[in-house]
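One chain comes next, on its own, written out as structure tokens in the form predicted alone.
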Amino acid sequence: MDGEVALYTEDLGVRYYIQRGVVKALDDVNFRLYKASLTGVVGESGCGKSTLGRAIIRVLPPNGEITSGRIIYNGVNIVELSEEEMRKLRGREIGLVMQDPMTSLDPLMSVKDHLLETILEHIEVSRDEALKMAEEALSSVGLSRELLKSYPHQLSGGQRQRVAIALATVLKPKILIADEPTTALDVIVQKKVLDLIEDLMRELSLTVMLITHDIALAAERADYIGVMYAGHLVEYGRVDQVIEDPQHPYTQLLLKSVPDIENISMVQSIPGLPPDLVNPPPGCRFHPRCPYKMDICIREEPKMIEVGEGHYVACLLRRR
């Protein structure tokens, strides 16, 4: 049985305005996060995973805009909040671990400066109390207080990622959005970072949204999985539903593209390329690459339907 919903989106739309047109980055995305669970959001690069995470916490780039829909947290529509109200929400209620801490951390600020700024901007405590919180945050991610004096370039990739997680969790938020937190890390450090996120999830009763291109990683770690393609959420459900009984052809192909060390010859690539979201194809955006394409797929855009309890898919095949 599914738990209590921590946050959900309704018909969420996001656009990026670039020189050659308007990028339809998200369209009618209906997505949910359940309390104290880990939801993996998977798909190829450019499918809208990071945009969804950034839209939830409203840190889109200057050329990005939420153009439609709602984001509901604690009964409040985040889209309608003022920037000042959002500043209070970020960090305290919803934390974000950026994709690349080497570029998201300020190279001119020490680890201590980063943590103290985050704490003092959000809560009224003395500098000594903030410093104690900073030390505890570092300890919670397995780092020594001695690293408070260090600058980002003096840290290893794994240490920078842990600092980024400490920054996102120092105020003990209810939701953590982790955007590709293991990018550019070796497999041993990747495991340690993911284990750390799961430990914090248990200790703080965190609700985690893990954005990753690796569906095998999501299958191993997540309670729920949302599959994104070309700005659409095409499948969503419990991890066992999505992995054991994938309903969307894109999800099926993603799973077939995962290497199997016992049968490497069975690995399949997905033919073609994701569409240009300035001019996406009509109908189902996956139809140019879909092995099961029907004539109606070119004309009609599929809507999410429930194919099992809590298992949703946007595919015209499932109507038949």
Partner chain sequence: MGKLANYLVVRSLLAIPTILVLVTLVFILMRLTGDPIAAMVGMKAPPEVIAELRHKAGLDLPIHEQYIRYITGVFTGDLGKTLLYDRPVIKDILDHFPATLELTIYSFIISVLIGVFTGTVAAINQGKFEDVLMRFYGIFTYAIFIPWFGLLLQMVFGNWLGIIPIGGRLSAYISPPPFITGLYTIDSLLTGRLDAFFDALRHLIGPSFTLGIVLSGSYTRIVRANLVDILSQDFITAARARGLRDSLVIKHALKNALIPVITLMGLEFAILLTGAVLTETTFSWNGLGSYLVDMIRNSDYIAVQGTVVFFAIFVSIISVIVDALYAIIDPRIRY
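No experiment lies behind these values; they were computed from the predicted model shown. Positions refer to the first chain, counted from 1.
Just so you know, the form predicted in complex with the partner chain exists too; it's not on screen, but the next bit is about it.
Taking the partner from the other structure, the partner chain in the model of the complex has no heavy atom within 4.5 Å of any heavy atom of residue 201. In the model of the complex, the partner chain sits within 4.5 Å of a heavy atom belonging to residue 153.
The partner chain in the model of the complex comes within 4.5 Å of no heavy atom belonging to residue 159.
Although the partner is absent here, residue 237 is not a contact residue: none of its heavy atoms lies within 4.5 angstroms of the partner chain in the model of the complex.
Proximity to the partner chain in the model of the complex, defined as a heavy atom within 4.5 Å, holds among 96, 71, 137, 206 only for 96.
Contact with the partner chain in the model of the complex, defined as a heavy atom within 4.5 Å, holds for exactly one of 145, 174, 213, 87, namely 87. Contact annotation: the partner chain lies within 4.5 Å of heavy atoms from the stretch 59-67 in the model of the complex, the single such stretch among 37-45, 284-292, 59-67, 250-258. Residues 94, 96, 98, 100, 103, 104, 105, 106, 107, 108, 109 are the members of 93-112 with a non-hydrogen atom no more than 4.5 angstroms from the partner chain in the model of the complex.
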